[in-house]
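Included below are C-alpha cells for two forms of one protein chain, each presented in isolation as structure 1 and structure 2.
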Structure 1
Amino acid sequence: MSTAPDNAVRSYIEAHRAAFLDDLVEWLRIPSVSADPERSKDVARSAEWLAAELSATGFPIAEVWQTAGLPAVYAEWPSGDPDAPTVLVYGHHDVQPAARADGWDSEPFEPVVRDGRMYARGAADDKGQVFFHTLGVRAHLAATGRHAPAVNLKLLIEGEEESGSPNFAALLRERADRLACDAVVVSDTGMWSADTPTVCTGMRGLADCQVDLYGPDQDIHSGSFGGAVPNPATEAARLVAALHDEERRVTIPGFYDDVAELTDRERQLFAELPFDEASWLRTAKSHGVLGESGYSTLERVWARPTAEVNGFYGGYTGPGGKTIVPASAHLKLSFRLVAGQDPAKIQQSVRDWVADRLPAGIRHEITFWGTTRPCLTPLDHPALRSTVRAMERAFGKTVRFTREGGSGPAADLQDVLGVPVLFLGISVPSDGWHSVNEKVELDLLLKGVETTAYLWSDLAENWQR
C-alpha cells in the first residue's frame, strides 16, 4: 500500500491550484437554487456540469440521477484492491437563494476573490466543499503512483438539500444497491475555527409539529361566557407552561427514556474547545444562557434533546382590546433529538401528553411534518481515526471534536445504508452560510483538498475489510 508523501501532495495541489479555482468559479456561476422553480433548469445544468467534471477527473462512472424533484449526481471509481473499503462521499450542489439586492457587496453568482477569500453563493455551502474532493483524489493518485484510489470511492451529490431533501430518502432506498458502502463521508459541515480544526461526530434529529386547539364554534363574549367555558388560548398557554419543569427538563413522559447519555470522555472533549460564552451569546443575539440543569452550553446544543416553542398565536391580536373567548389557538413546537431517540416514538409521546392535559370542551389536532433521525459517529471507529489523522497531517495541528445542534440528511444515509457517517468539512462560522456575502477561505479549502489526498490511503491501510 502506497502512502502519499506530504511534500508530493502539497506540490501537486500548488501546481493545480489555479485551474482548480477557475473550475470552481465556473460551477459557482450556475445559480442552482432548488427552492426557486424558475431555477430548476439551472439545478439540472449544475448536475450535468458536475457529472462532466467528475468524468474529466477520472471517475469511470459519473451519472445524473433523476428524482421526483431535482437531480442528484452519482460517481464511482473502483479501487481494484479486493480488500479495499468502500467510501461514499455525500454533499449537495443546490444552493440558497441570493440576490445583490439582499445586501451582497458583489453579485452572488459572479465569484470574486478578496484577501484570500472567494465570495459567492455556494462557495462554502456546499459546492466548494464538494469540489475539493476532485483535486484531492487527483493529488492522492499523483503522490502514490496509483491508477485508482486506495478505496472504492463513490460520490452522491444531492440537488435538493436546501429545500429539505424531500426526495432524498426515497432515492437512497431506490438506489441502495449502487450506494452500498462501508462508511459515508459528509462534506457539508464546518470546523470550530481556522485555528482550531475539528471533526463533527454527530447531528441531532428533529420532530416538529403544529398543535391546533378549538373551543367555542366562534369567538364569543368574555363577559357573558368567560369563566364558564374552556378557553383554547388559556389551554395553549398551560401546555407551554407545562412543557418544562424548574430544571428546564422536558416533562413529556418517556422523553428521555432512550437518550444516549454523554460519556465522561465526550464531556472532556467538549471542554477542550476554546469556547467563549460571551462571544457565543453575541453570535446568538441573546443576553443570557439558560437550559437544562447540569449541562454546559455546548452540551445543551449538541448532545441533549430539547423542546422549543416556535410559535404561539390565537384570538385577537389587533390594536386595542377585544373582550372575547377565542374560538381557537395554535402552537408550533419542535423537538431536537439525540442518539438513541426514535422520532416516531417521540411523536406518539407528544400526542399522548397533549391529549392527557386538555379539558373536556377543547378539541385538538396535531400535525407533524417530516422527521429527521439523529446520528452519531462512534469515537473509536477506525474511519473516524483515519479522518482525524488525515486532517492533522494537512493542518499540522491537533484535531478536536464537535457535534452539530442542527439536523440534516446524514441520518437518512446512516439509516438506509446501515453504515457509520463521518463528517469532513473545512468551513468556518464566518463563511456566512445562507447569508449575504457567503465566502470560503481559500487556504482552508486547499487544506480540505490535502486532507482527502491523505485520507484514502489511511483508510485503506488501517481499515481493510
Structure 2
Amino acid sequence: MSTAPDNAVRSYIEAHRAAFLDDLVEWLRIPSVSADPERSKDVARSAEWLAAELSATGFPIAEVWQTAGLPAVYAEWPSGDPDAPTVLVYGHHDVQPAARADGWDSEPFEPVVRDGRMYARGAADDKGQVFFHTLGVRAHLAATGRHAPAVNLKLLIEGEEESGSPNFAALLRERADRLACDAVVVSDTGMWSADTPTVCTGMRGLADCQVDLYGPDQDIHSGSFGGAVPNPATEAARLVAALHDEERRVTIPGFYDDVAELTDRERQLFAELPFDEASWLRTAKSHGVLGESGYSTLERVWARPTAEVNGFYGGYTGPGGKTIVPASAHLKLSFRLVAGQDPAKIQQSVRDWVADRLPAGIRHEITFWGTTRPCLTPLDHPALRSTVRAMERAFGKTVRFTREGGSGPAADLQDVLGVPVLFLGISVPSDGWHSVNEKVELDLLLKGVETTAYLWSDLAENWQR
C-alpha cells in the first residue's frame, strides 16, 4: 500500500472545507458543560449530534454509550483488510464552563470566525480536534480510492473529560472487548506553536477536590468574638499557604515519593526547544514566573507535579466591608501529577494532611472529583514514528517532541486496553483552553485533517505487531 498523494488529499480538503466548518459550528453551539449539572441535557444532546455526524461521515457503527455519568460516543469503521491494525481515536465532547460575563468578546456558544480563527468554547478543547477526524478519514478514502480506512478505525469520544473522567475507566473495562485495539491516538493535546509542529509524549495526571471548612454555626460579629474563636477562612488560607514551602515545593508528606525524575536526555530535549520566556508569559497572560526551585519553566509545567488553588470563597464578598467571623470557607484545590504518581495515593495523602492541620472548633469535609493518571509514551515506539511522518508531510517541517502539562484519560486507555498511546493534537498555546475567547486556528485544524489522511495509510504500511 502506498501513501496517499499530497495533492489529492489537499484538493479534497479544500473542496469540503466550508461544509466541514459549518458542521463544526453547529456542534460548538451545544453548551456541553460537564461540570454543571444543569447542562447534563446539553451534554446528552452533544453526544446524539456527534453520533449522527459520524454516521453521516460513513462510520457503519455509531452509538451513544451511556455511563453512570454523562454519555460517550463510540464509532467504528472496519478496514476489511484482515491484517490491518486497529486504532482507537480518543477525544471528548464535553467542554469547560463559559459565560460571556467572564470577559468573552463574543458569546462562548455562538461561534464566530475572525482573522482565520474560530472562537467558541470547545473550539480547541476538544470538539475541533475531535472533528478533524471526520474530514480526515474522508480525505484518506478519497485520496487512496479505498471504500474503508486502511486501519480498523474506532472512535471513543467521552463526555466527562472536563470533570476528571470519573466514569471513564469503568466504561473502558465494561466495553473492553469492543474497544480492543493495537494503539490509541489521543487528539486532545497541543503543539509547540504554529511554526514548530510537535508531538506530545506525556501528560500530567490530576487529582482535584473541594475542601469545605466550617467554624461558627453562622457568621458572627468579629468585634464581639474575633480573636478568640477559630475563623474558617483563616484556617483555609493557612492550608493553602502550607501547601508549599519557601522553595515552592509541595509539603504534603510523601507527595514526591513516586515521581519519575527527568532523565538527562529528557531535560536536553526540553532545553532544545525554541523557548522564549517573554513570549511564553504573553501566552500565559502572566506577569512573572514562579515555581519549584531547581527546575526550568518547561520542566515545571511538563514534568513536575503541582498543588494549585483554583478558587476559594467564604464570608462576606459583597460591596464594602462586613466585620464578621465567617461561618464557612471553601477551597477548590487541584494537584497535577507526573509519571510514577498514583492519584489514589495522593488523594489519601491530601486527606490526611488536611485533617492533621485543622484546630479544634473547625469541622471539615473534603470531596474529590474524578482523578486522571499521568502518562508517558516511549520516544522510540514505531507508531509514534508513523505519527511524526504523517505530521511532517502535512506541515512540511521537522516534528519535535514535547509533553503536556494538562491532564487527560490517556493513562486509563493505556492501562485498561494495554496498548501504547500516541498524541496527535494541533492546538497551540494561545488557543485559550479553559479560558475566555477560546479559539482554534483554522489553518492548523485543516493540517490536522491532512495529517490523519496520511496517518492511517502510514500506520497500516509500517505497523509492527
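Treat the numbers as computed from the prediction; the structure is a model and nothing was measured. Throughout, rigid core stands for the largest set of C-alpha atoms superposing within 1.5 Å between the two forms. Numbering for residues begins at 1 and runs along the sequence of structure 1.
Each of the two structures shows the same chain on its own, and it is structure 1 that derives from the form predicted alone.
The Cα position of R300 differs by 2 Å or more between the two structures after fitting on the rigid core. In the core-superposed comparison between the two structures, P232 has its Cα shifted by at least 2 Å. When two forms of a protein are overlaid on their rigid core, residues whose CA moves 2 Å or more are considered shifted, and G215 is one of them between the two structures. Taking the rigid core as reference, the CA displacement of K285 between the two structures comes to 7.5 Å. With both forms fitted on their core, the C-alpha atom of F312 sits 13.3 Å from where it sits in the other form; this compares the forms between the two structures.
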